[in-house]
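Coming up, as structure tokens: structure 1 and structure 2, two forms of one and the same protein chain.
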Structure 1
């Protein structure tokens, strides 16, 4: 008998759902063992009945629940709580679900400040009042990761997560293994570039300057991006973005790691550790523009990014 699966997205972009489809041939081996009974991106199953005549959110019971995206409003929170009630195991899929993702950068501001910016101060928008329609769900106080609201059994990070890990985690559940996680290794552990443990010193360079590398040569001939003076979050970011091939995806493209796979271990504070990593090669971390947002780009949930108290007047 096939295992029933509920898949849903909350505050998300659908990249995680595309990653599920990108599992490719391995998905063909898994599909006969799965029965998707709800998947917003692919299946026409409506929350309040196919004719919209239901009075309560209808989410089918299933063994496995997969949720992408964080929680940004009260409707998403209710949706997530209903899914958790209906499934035996819950997988948070992608960095928005695991850590809040890029949307959780809004946690640096009060909700009313965000509304003021979006509805009245944006140069591309005609000024308008905040939405008051009762059909528009109110925002939660912060943008939250899934495990800030309900219990999560397996977390698969990434923006988007690599298909290899989605297939492996689902296969583990099918085999009766209720725990799955990636090894606690950093991106630097899987990066083949040259390291000399020093840089030219000075401020962190902005990407108005070019990095030095020869596109005709392999990565093993390229100098470490941090040591070239640019911000690369590799020292404090969990390895695995390239799946089982190993070499980090951004580094393959000769660009720095942005930190999308999140911290190497639970409870880590990448910003503090990254400032130490920059200092160790002679760079001034305080010179990095908007360093609080840049170093916590994907992980603003769990209280990592909050509204800072106003500084006292001098």
Structure 2
């Protein structure tokens, strides 16, 4: 008997859904075990009936609910609450669902500022009032993670989450387990680069030049990116971006970790800890440009990123 699944994206980009497809050939083995009773990306089930004449949003009953994206408007909030009522286990898929994600950087601004910019202050836009219509849901006061609205049973962070973890978490549920989580390790714990616990010191370098490395050699011959003087979020970021066996993906591209899997454990303070990590290799963390957004790039929900009070004019 196939297990019924509801899947939908909220304030999302579709990357998590593509990552599900990136399970690859194994997908053909998993798919027959699942019955997607709602999945906007692939399945034609409609909220208001197949003839569009329903009056209330209808989410089918299911064992598993999978939700990607954070919560950005009233309709997403309503849909999420409906899904929660209809499913036994709810999975928050991806860093937007788990922490707010990149779009939660909008929490650094008042909602009115964003609307002012988008609809009245863009070079090609003919200025107009904010859209207002029963079919255009108003924004919630902030961009939220899913667990700010409803209870979440399993969180699979990542931008996107690696297909290994998606498959593993779903398989765990199919086997009757009720809990699953990524091991609490840092990206550095899975990163093969050379570390000597020191750097050249001074200010943190902006990413205006490439890392130093010999392309013919593996990562195990490259010096740690923080120790080369750049910001790499590896020390405070949960490992897992390359799945069960790979090396961290951004490092594979010879680029710094940007923190997409979020904090290593609940209650961690990645910004404070990252500043400590930079200090520990002799860098001046206060020199880092745009520090707040850089260090909280994916985790602006849960009140992490907020509107700062206006600075007094100098």
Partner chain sequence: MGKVINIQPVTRIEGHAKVVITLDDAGNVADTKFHVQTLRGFEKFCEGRPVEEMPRTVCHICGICPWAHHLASAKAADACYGVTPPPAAVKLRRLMQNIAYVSDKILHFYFLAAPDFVIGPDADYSVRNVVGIIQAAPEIAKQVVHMRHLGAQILEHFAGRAIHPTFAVPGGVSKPMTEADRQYTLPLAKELLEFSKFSLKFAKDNVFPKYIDAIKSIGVIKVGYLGTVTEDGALDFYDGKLRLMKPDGAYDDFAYEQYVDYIGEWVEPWSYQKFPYAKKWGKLSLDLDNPVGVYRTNCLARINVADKMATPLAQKELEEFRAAFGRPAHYTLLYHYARLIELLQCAEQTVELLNDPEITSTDIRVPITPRAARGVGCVEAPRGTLIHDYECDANGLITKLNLIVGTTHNTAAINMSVNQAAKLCIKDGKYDQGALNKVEMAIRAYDP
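Superpose the two forms; the largest set of C-alphas matching within 1.5 Å is the rigid core. Numbering follows the first chain given and starts at 1. These figures come from a predicted structure and were not determined experimentally.
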query: Out of structure 1 and structure 2, where do we see the form predicted together with its partner chain?
result: 2
query: Does residue 212 move its CA by 2 angstroms or more between structure 1 and structure 2 when the core is aligned?
result: no
- request: Using a rigid core alignment, state whether the CA of residue 175 is displaced by 2 Å or more between structure 1 and structure 2.
  value: no
- prompt: Comparing between structure 1 and structure 2 on the rigid core: C-alpha of residue 151 shifted by 2 Å or more?
  reply: no
query: Core-aligned, what's the Cα displacement of residue 132 between structure 1 and structure 2 in Å?
result: 2.4
